[in-house]
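Given next, in structure tokens, is a single chain: the form predicted on its own.
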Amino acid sequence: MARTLIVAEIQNGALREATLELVALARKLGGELVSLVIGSEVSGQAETLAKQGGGKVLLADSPKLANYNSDGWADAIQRAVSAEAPDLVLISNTPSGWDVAPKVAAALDAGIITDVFDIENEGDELAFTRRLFNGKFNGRFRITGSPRIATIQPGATAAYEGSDGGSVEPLEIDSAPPRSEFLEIRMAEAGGHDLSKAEIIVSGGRGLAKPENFDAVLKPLVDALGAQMGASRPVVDAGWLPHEYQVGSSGQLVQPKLYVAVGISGAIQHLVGMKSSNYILAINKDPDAPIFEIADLGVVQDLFEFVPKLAAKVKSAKGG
């Protein structure tokens, strides 16, 4: 791979973790790395990225880019591509990434693949891997032409932790005002359920029988472990918990130190979202549940009897 351009994202004044994940993936592929930081008064974030492995960082800094808009971002990315001639452009598979990547691909007449979780070198080619059929299969693809554009699932790889020095260079952008006007950002009430960085997650499935049992049965274990609560897709589809609790290929990809699956049979959609956890404990009364195939420890018990006892033991061991 000759050259990769990654598009950084800034959230709440800091680089998103997903940006450093793009750095790690690009460095795994090898070759030259160029990064693009877009925003207003974001030179500090560009310097940070240069120090954290981003290579040469292009800075598209303008008041009109203070808030995301597809016109401004697409123009900046196209100008970066024109200046650096990358073979590969990596964009995080986030709401802004979903929006701008196809626009850039259409403008450049470039091949694009979305929602990728891995890229591998195969000789002079690249193989892109993504989920198919709601996570039931993995598909491997090649893209012809240059540049190739891919959006990458946040959490699909660990963030780059190096401290290699890079440089920051300004990127000239279009001075014309964008055609769209930013109005506001409306944030859903997440309730502290950003599962992507949780060290311990306790997830419940349909085996809990009714929504009230998430508070009555599952929450005491969540509290005892100091964990965050997750859920399987059937639970979210049934309206028992909001979507931000969902773990799986259509929810959040997680890599906690400990993942406790309670009453979850283990549909492939769920497994692909949590199988990279460091340690997996599964509790299910069905000994043939697929979740046991990837669990480090499986408990074949009635969850309504076992989970309260486990919560009490954990609480006691912690002096509670």
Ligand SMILES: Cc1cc2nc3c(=O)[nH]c(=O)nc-3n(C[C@H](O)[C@H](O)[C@H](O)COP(=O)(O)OP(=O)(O)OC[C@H]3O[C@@H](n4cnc5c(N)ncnc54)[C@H](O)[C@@H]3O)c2cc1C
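Basically, rigid core = biggest C-alpha set you can superpose within 1.5 Å across the two forms. Everything numeric here is computed off the predicted structure, so don't read it as measured data. In this text, residue numbers run from 1 along the sequence as written.
The protein also exists as the form predicted in complex with this ligand; that form is not presented, and the subsequent description refers to it.
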Looking at A311, L303, I10, L25, which has any heavy atom no more than 4.5 Å from this ligand in the model of the complex? L303
Even though this ligand is not shown here, does A267 get within 4.5 Å of it in the model of the complex, heavy atoms only? yes
Just to confirm, K64 within 4.5 Å of this ligand in the model of the complex by heavy atoms? no
Give a yes/no on whether K56 approaches this ligand to within 4.5 Å in the model of the complex, heavy atoms considered. no
Can you tell me whether V254 touches this ligand? I mean in the model of the complex, with a 4.5 angstroms heavy atom cut-off. no
Using a 4.5 Å heavy atom cut-off, indicate which stretch of 194 to 202, 229 to 237, 157 to 165, 178 to 186 touches this ligand in the model of the complex. 229 to 237
Heavy atoms within 4.5 Å of this ligand in the model of the complex is the criterion; list the residues of 81 to 118 that meet it. W98, D115
Honestly, after the rigid core fit, is D286 moving at least 2 Å at Cα between this form and the one not shown? yes
On a rigid core superposition, would V307 pass a 2 Å threshold for CA movement between this form and the one not shown? yes
Would you tell me if A238 moves between this form and the one not shown by 2 Å or more at its C-alpha, with the rigid core held superposed? yes
Assuming the CA distance changes by 3 angstroms or more, are Y259 and D118 closer together or farther apart in the model of the complex compared with the shown structure? farther
Please check whether, in the model of the complex, the CA atoms of V254 and P154 lie closer or farther apart than here, given a change of 3 Å or more. farther
